[in-house]
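Let us start with two forms of the same protein chain, each given on its own as structure tokens and named structure 1 and structure 2.
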Structure 1
């Protein structure tokens, strides 16, 4: 399940939902399900899906993402996609780029039709507006336009887009979302810059001479983000830059986890359920918990979305992306990138 629900309700939903969905596929006692009511081609390999969710949908903040679950060849596949609509929209939207070989994005682009139903998780993510909105710079590349578009639409809805500059880079003219550009240009007289090719620090300097005075939100391909983040850092302005990555900064160090000398089983106490499990410490806590029969909530399984974040009350863990070890009490960890190096106490909270 994507959301924390009472065990009794979960059992009831498991029994009754198939019958309810014989009448309407979006009906469910517990799950957030949504019908695709419109599909728009925005650019080469970029498509928007307009969704009509059931009553369980709790909405989102501009810039957040949502886990989307679809059935591909009989197997349920889940991926996280940023919402492109403004909060409060009657019909939320996701704008999805086709990923070569991607099972979920491939299904959405090649097989999804109006009337199909997808399952949604709870919107989350920290790429959201702070208090500073008047002097704002939104920078995106490729599919990174999606959360920035949600933010721009939210500001337009609130009448606060007038002094916001939006810079977007597409890899080619065919990949440029022209309808989205026209929409943004119609919403504000401030700077809207759509370019083709790599977006460099020099290009930002030319397009937005006052960039250093603005709070900046950045999302796009990792090489572009790394180069621009270095530019902000070189000017001592890293605290004025908020980033969203669609890929982890480094791969999970599974080889190290699998061959560690610290490979004995560990005792993991789940404080909410007042029970303990003996788990293998490798490769990750998420996989170890699943192997033990637990079903924690997760999203990307790569350390990006934070859907599997939970509270570690005590114990030593290692993050397989950063290599950082921590035995601090009462800290949040990501189950999908963490492995246990000692006995642990975990509060899975809403991951139950």
Structure 2
């Protein structure tokens, strides 16, 4: 559950939802659920799911992602997927690459059928268009095409795709989403480049000679993103590059979080609402708050999306990705990658 639900409504939903579900699986007092109404193969291991959400769906901004949860072998599994449709689409879409051995993507590819119902969170994410929409360069690799596609479809709808250059790299011809390429080529006569093989800085130079003058949005496999981000950095253009990662740069050190002798109960004062909670030891602050009955907003739960960011007014925390400890006052922290090492004051802001 990702958005703050009024506690009484949440309790009512808990009681009534199972009955409503007997009538229609998408019915819920509080949860966003969506029925899969169509499934499209886009390329080898890349498949689009067309969704019909219930009335709780609040839509998305082009480039944002949505947490999707499915039940795999009796266990609820939740993953983030970027919306590939334009905002406002009656039937939003997600486009999912099968990850070998992956639980959610494997279920979606191998077991999901038309009529199945998935649970959705609230769309969020900062990979969205800023002021500059005309001189834009969209660069994607593999399943990283999804947020860029939503942006391109949005711009096409607004008649603003003509000066946009879109470069997409697939690992092979079979992995190239041909129907998507044809759709984009039909929307604009300028700047659609679908390539095969790794997308290097040299390739970008050759395909888009004026890349340095463009605002660039990049999403793809981590090695490709790192190489291209270095290129932008080397030209002093990092501020012209916006990136979206599908996986964290480093895994969360849960081992350390779970077993350290420093793990202890802490008092957390929530400055908005002026109340205090005792949090039992938990690997992350997000999990500790949830165990205490709070409902902070989250997305990826692995330090990528910043949805869980909030303001720490005081106290000592450790970042479980970098290992960095900080007791600085009034700093932003991510609940999903932080653990408390002392009593804290937190301003969850909208994030509850």
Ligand SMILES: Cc1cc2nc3c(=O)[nH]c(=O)nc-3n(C[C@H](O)[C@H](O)[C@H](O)COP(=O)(O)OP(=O)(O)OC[C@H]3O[C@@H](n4cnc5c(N)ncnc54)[C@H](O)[C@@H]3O)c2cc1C
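This one's a predicted model, so the numbers in the text were calculated from it and none came from an experiment. Residue numbers count along the first chain shown, from 1. Note that the rigid core is defined as the largest set of C-alphas that superpose within 1.5 Å between two forms.
Of the two forms shown, structure 2 is the one predicted together with the named molecule. Comparing the forms between the two structures, the C-alpha position of residue 56 differs by less than 2 angstroms, with the core used for superposition.
Once the rigid core is used as the reference frame, the Cα position of residue 300 differs between the two structures by 2 Å or more.
Taking the rigid core as fixed, one finds a CA shift for residue 289 of 2 Å or more between the two structures.
Superposing the two forms on their core, we find that the Cα atom of residue 330 is displaced by 4.0 Å between the two structures. In this core superposition, residue 312 moves its Cα by 2.5 Å between the two structures.
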